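Take a look at this single chain in structure tokens; it is the form predicted alone.
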Amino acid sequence: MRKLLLTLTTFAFAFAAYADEAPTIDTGDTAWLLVSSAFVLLMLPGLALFYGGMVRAKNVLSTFLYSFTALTVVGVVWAVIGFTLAFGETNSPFVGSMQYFMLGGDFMTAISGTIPLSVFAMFQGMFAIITVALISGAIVERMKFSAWIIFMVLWVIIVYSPVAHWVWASSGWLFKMGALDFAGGTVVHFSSGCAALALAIVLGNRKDFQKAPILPHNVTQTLVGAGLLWFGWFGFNAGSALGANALAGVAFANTMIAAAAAGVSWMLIEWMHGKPSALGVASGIVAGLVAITPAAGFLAPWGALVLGLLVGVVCCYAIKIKFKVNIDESLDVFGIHGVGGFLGAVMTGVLAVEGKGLISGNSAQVGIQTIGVLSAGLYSFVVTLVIAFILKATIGIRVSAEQEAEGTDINQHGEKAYN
């Protein structure tokens, strides 16, 4: 009897220990991720305003729809196949399994860390949506709407989901290499910037590019959009801590500091050469947000300040290159998101604290970061070129010269922004 009692007691303690270690849902973490997901969704109308204010009045609605259809089309693609290709459990270093095809399997009951898998999937889905919407800034005023819809579907499946797997899934090859990307400098910004550049090359320049003024029709709209993007970015970066914890607080603070610093440095550069512009301040803010994205949870606040000041200067000059090389990358997606994302990813390897970066003793991290960001960017650029050339050869990718002159609002959607 004594042996039986001892055995039962041992099993009881073992079961209790297992129960303590079993994953459980933390309601605070879950609430924060739900709110953060909604924050990131708000970035879509923010981006629509940001981009929409910079185009001519005859193209405002089509520019808005590039962002809003990313919400709808990518939202569906992510639920059907995108999430499982990115995060379906597998040993593959390149792409996820079909475990969560159509969000099936144990999706409704599974736990990811301390939050339901369903919450994690929707949070990540917002990242996929905003990444695709960012690309649209390079193709405004001239890409066929039908081609844009097909492009979004193919790009999420072939480019975004695999790259997300490389960087963020435990079996991904860049994850195993040790590449750091807290919230998407590589996955979101550099990959979208490279895709934007590839699309702009295939589409060709707008007929007025460098021949006649192409002026923003409503800069106040762009400023409001920048403010909404800044607001949503707190969910983007602080939410990537995947919990309501100290790490989220650090990411939140660094996001604020870097954006503010980049807005200041961009403004000062413009002031040195003339007058500070509203569009410049808005662009500087976004550049700072882009650069801090991969680094938000890895830097001390002073590092965020340094990075913000640096990226404001670098991107201010980078956006001028398109005029020298004569590539109409219309709203500077590559100049801000591509260059800013690359700089942020590499500087993460320099400025990361706690033994993660060069300044704290890990000199190898700079090389790892460079390999990671260049690999993702090159893959995105090449595959986007292939998709774009296929679309061009089949359904056509660009509106006619007459349609471009008329404006894409009327000929692509049959309506005007301003009547």
Partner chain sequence: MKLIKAIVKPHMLDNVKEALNGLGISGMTTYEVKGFGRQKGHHELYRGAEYQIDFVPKVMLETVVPDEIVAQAVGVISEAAKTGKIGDGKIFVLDIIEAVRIRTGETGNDSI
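Positions refer to the first chain, counted from 1. All values derive from a computational prediction rather than experimental measurement.
Here the subject shifts to the form predicted together with the partner chain, a form of this protein not shown in this document.
- The closest heavy atom approach of residue 162 to the partner chain in the predicted complex falls outside 4.5 Å.
- In the predicted complex, the partner chain sits within 4.5 Å of a heavy atom of residue 283.
- Using a 4.5 angstroms limit between non-hydrogen atoms, residue 88 is distant from the partner chain in the predicted complex.
- At a distance threshold of 4.5 angstroms between non-hydrogen atoms, residue 336 is in contact with the partner chain in the predicted complex.
- Just one of 327, 279, 314, 203 comes within 4.5 Å of the partner chain in the predicted complex, counting any heavy atom, and that one is 279.
- Listed stretches are 317-325, 90-98, 341-349, 167-175; the contact stretch with the partner chain in the predicted complex is 317-325, by a heavy atom cutoff of 4.5 Å.
- Contacts with the partner chain in the predicted complex, taken as any heavy atom within 4.5 Å, map within 404-419 to 405, 410, 414, 415, 416, 419.
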